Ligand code: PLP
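The chain below stands alone, shown as structure tokens; this is the form predicted alone.
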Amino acid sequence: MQNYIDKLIELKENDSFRSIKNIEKRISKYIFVLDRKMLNLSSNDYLNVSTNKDLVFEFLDKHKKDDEFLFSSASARLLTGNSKSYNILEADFCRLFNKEAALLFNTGYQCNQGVVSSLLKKGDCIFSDKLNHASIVSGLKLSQAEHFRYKHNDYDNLEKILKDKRNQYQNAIIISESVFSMDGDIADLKKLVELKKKYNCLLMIDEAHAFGVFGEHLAGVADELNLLNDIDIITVTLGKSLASMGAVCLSNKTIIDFLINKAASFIFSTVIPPVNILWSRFLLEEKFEYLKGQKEKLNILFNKVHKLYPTVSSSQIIPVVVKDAHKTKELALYLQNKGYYVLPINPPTVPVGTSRLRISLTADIEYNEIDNLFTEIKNATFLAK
């Protein structure tokens, strides 16, 4: 046990110790912690749907008598945990993303891990962005395929590796997020499509932080750039902009059938409850225009913020890089005392020397609230010490 104790002490000394926050409630764009009301700037509820009680009550009134209004599936999907509603939701996503087939997973983590770990075998290879999400990295470690991690959004580096390594393997896939979760920057999907065609690779894009925020059909950056048909595999999560639960992988029928048979995180998991499926369908099928309206509000907000407070971000995620872990923690506490719920992001979540605040904009936040936030950050003179 002493080894574990020593490691925990080390994490605390490095300001990298994680703990579960004592959150009391969330109302609209606000969060209540220890009886303090703060503007919630640490949420992935980008369209402010999860706290919209009017939507919840409308959903309950319309669907509480539905046969599938159940709080447990009690089974894996391949046993008894399937119904027409699951199939309909997958069809909804196929229409949004213009894909032949879709497969529902329980979480975004399980989705990425399951796809990456099972799709390629020994003798194949994977080319993955250095800053891809931990779920993708986990899939790389579980896969029997060789993998190479290229410098973040550095497509010259990616091509150099492709030139050197691609012809040594049978099948290959390039993997990137579209909107990166810690910097808010956006991958060059056009360049990735060009490289995947040039070097005969599949291309997988994780649109977790872009779904609902970008695109005419809310289908992410690929939708915005009219590249949906050029990307072989797309993964999206339902737990962020859609304020539900689960994740979806979209591709052709061959790949989806392969995942049904080979992805352990799908095969051996009790599927998410039917009530969540109904809620996701309610939002996509009955409240789609509302979601689009919230998306437009959010886009106006973050575009205005970027003009006056430029960072590497081109999205709703804005990093304030402090570098030093202790000062980042101090700044987060300072801002919380001013009424802004921001949290320090320290290693190993981000590389050493890049500790930051991750400011997450949501649709109902007003520009003046963010303007005041940045004023407070500038006033935090202790950061210069």
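One rule holds for the numbers: they count along the sequence shown, beginning at 1. In this text the structure is predicted, and so the values were computed from the model without any measurement.
Just so you know, the form predicted in complex with the named molecule exists too; it's not on screen, but the next bit is about it.
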Q: Would you mind picking out the stretch of 147-155, 67-75, 109-117, 162-170 that comes within 4.5 angstroms of the named molecule in the model of the complex, counting non-hydrogen atoms?
A: 109-117
(Q) Quick one: 177, 209 and 246 and the named molecule in the model of the complex, is every residue within 4.5 Å by at least one heavy atom? (A) yes
Q) Ok, 196, 281, 133, 295: which has a heavy atom sitting within 4.5 Å of the named molecule in the model of the complex? A) 133
Q | Partner-contacting position among 181, 128, 138, 276 - heavy atom within 4.5 Å of the named molecule in the model of the complex | A | 181
Q | Contact test in the model of the complex: residue 237 vs the named molecule, heavy atoms, 4.5 Å | A | yes
Q.
Just to make sure I understand: among 313-339, which residues lie within 4.5 Å of the named molecule in the model of the complex, judging by heavy atoms?
A. none
